[in-house]
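One chain comes next, on its own, written as structure tokens: the form predicted alone.
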């Protein structure tokens, strides 16, 4: 329909003078031709309002609907098709249909005109955008050309020429030519280059003269060196001859001199530890020795300031080469983080080795390191003994270098760095837990920092003191604790060897604590893990009380007598014997019994865990563990022998009474007598 409208040209010829059949004169005909008007809907479209057309469309539709309803009502009432009223309404409906067609044509023409206008506007925008792109391309091209011109470097720019004022002041007139070069930069540059060439020729002559004088001086130096080298063998012989005298007088001057020379390159914390350890060894402990190990040349290189002798041009060229290399091969993010971690955890090239000798011939070797970027000290431990200690399987963790020094002071496990500033450094390089690197770097115990004079803020801050004062105040106590730790572990090692062979060693000083005849025996002594300990039902109360930590050592002792079998789970604190072992019991006899269900088993636990003072033995109390196990055997005998026999069972008692007791039971709980009274030899209640 729209194509038909486009081809169609509606023209209406209107005449105001009458019909064309009327005869008119020539003048009247010309006048009527001038008054002819051509009807064009496109022209009419300019003067019409779309809103008014819309309203007219709605009214027309409404009127058309009314006419249709009227025609339908007339036909329903019996009117025929040829009725005048029906024909009239039909004619009116046709007029409204013509109006709708006209409005439809106008709407299509408006749509076409809008599309044409939009297309023309888009074409204008495309033309402008194309012009803009051309201009931007030209601007970019010009900028590249300008950058090339600005980045162009001539050969003479690599030469550091003297200033213009100095050039006019020092250069001769035949080179400077001030009248010609003052206003001409090109001639000025050429003149300055000529003056530079002249100066370099003079310097080359001076260089040749200096080389000749240098050769003469070198010859004289070589002559003097030969004379000094001839003196060296004699001096060495004198020093070697004086060594026996130094050893006899305990005055190792040569060794002290070398160590003092190397000590100059130690970091401050290791130097403080060296001085204080030497002072403590000379004053209080002759068996303490300190030595320095490591790469001295690397330490000297660290102490040297960076070499700034290179000129700026060479530095720039090195930077450019480095930048080109970086562009060729860009390292991955993971590789960069690994490099940063290694750099942050880097140790100082020099370290200290402190040897602490014990009376039995064993030696505790402590290796102290300083982490330069973290500003903390770490330590690694190693024990060397005079005898072979490979007999006891359960003693494998006693001298483990990773756990040997744990909790030397209370709650000092050495797994986390004591410096609060390190936490922010770790976040930058992706280190979550410092404990992952302890095996390689050593343990950063709190006492190690104090020995090096390092002090960091804690929850209970102490008064600020100088580094040497901090080290000196902790040196004596720490050395005693270290020696005590080694001695206690070696004593435990010997005891464990006996316990694994079902022998409970009791020293002669502690024989009066136990009766002469003990029938219960230790059948098994093994080591267990922390997870195995916490999974046992009769140790839950110990775990819930927080008395079994992952830093402790855990063992299982099995005592037997007849059909009775007593299991004892032992928690051994690293600070043993200062902190006594803790026993949890479970008896398998006539059912399963524990300290939580049997009052007498709870009383046995009290005898072993609570009344431990009398079991310490002579100082320093290394017999405590074996004495506790011996008392546990005695208490098991009393428990079994004092148990009432069932009258329905015939025959002799399984556990005849061989212990003398004043009373076999007391109180409503029927507690048994577990206290041994020496020298009377009977058992009583506490």
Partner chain sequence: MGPVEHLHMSVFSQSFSPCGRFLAAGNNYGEIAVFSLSSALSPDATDMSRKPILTFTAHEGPVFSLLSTDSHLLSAGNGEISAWTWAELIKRNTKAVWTRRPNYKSSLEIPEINAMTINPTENSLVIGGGDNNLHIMDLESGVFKSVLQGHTDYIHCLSVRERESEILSGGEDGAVRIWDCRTGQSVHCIEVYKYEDCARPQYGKWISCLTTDSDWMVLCGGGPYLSLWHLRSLSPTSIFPLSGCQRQATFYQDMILSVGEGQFVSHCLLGGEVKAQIPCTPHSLNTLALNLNSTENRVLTVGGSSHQIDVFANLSYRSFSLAF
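Quantities reported herein were computed from a predicted structural model and do not represent experimental measurements. Numbering follows the first chain given and starts at 1.
One more form of this protein, predicted in complex with the partner chain, exists but is not displayed; see below.
Segments offered: 293-301, 99-107, 540-548, 560-568. Contacting the partner chain in the predicted complex at heavy atom distances within 4.5 Å is 540-548. Just one of 582, 398, 171, 272 comes within 4.5 Å of the partner chain in the predicted complex, counting any heavy atom, and that one is 582. Contact with the partner chain in the predicted complex, judged by any heavy atom within 4.5 Å, is made by just one of 427, 599, 532, 592: 599. Contact check at 4.5 Å (heavy atoms) against the partner chain in the predicted complex: all three of 609, 669 and 685 pass.
The partner chain in the predicted complex is approached by residue 605, whose closest heavy atom lies within 4.5 angstroms of it. Contact between residue 678 and the partner chain in the predicted complex is not found at the 4.5 Å heavy atom cutoff.
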